[in-house]
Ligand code: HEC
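First, one chain by itself in structure tokens, the form predicted on its own.
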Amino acid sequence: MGMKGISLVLILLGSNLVSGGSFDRNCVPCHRHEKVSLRKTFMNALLVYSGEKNMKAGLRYFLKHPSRDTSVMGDEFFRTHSIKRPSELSDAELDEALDEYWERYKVIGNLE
């Protein structure tokens, strides 16, 4: 790879770091605006689904087909919040966001 190729790779990597991943771009702003804790949502989902594979599959389904029945949030949550609209993210963006969500909030490997 020549110098131009290396420069292009560095620019692309740098722009991805600045703009953040799919999770930071697509999930964090709405949760911040709605004042819904991503950590609490993660812990609720972990209690319901009990593992990475099931949790990602359950959240993926919920994000595409949101309803109270498929939500990990309790009835108390819906007294102040409405159900979200179905995600318009591509499957690849959704999978990337779920992977990033898992890595950021998982308990195993994050204890000091």
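Position 1 is the first residue in the sequence shown; the rest follow in order. The structure displayed is predicted, hence computed values, not measured ones.
Here the subject shifts to the form predicted together with ligand HEC, a form of this protein not shown in this document.
Ligand HEC in the model of the complex comes within 4.5 Å of a heavy atom belonging to Lys84.
Ligand HEC is not drawn, but in the model of the complex it has no heavy atom within 4.5 Å of Ala57.
Interface residue remark: Lys64 is not counted as part of the site for ligand HEC in the model of the complex, having no heavy atom within 4.5 Å. In the model of the complex, ligand HEC sits within 4.5 Å of a heavy atom of Glu34.
Using a 4.5 Å cut-off on any heavy atom, the residues of 68-94 that reach ligand HEC in the model of the complex are, in sequence order, Thr70, Ser71, Val72, Met73, Phe77, Phe78, Ser82, Ile83, Lys84, Arg85, Leu89, Leu94.
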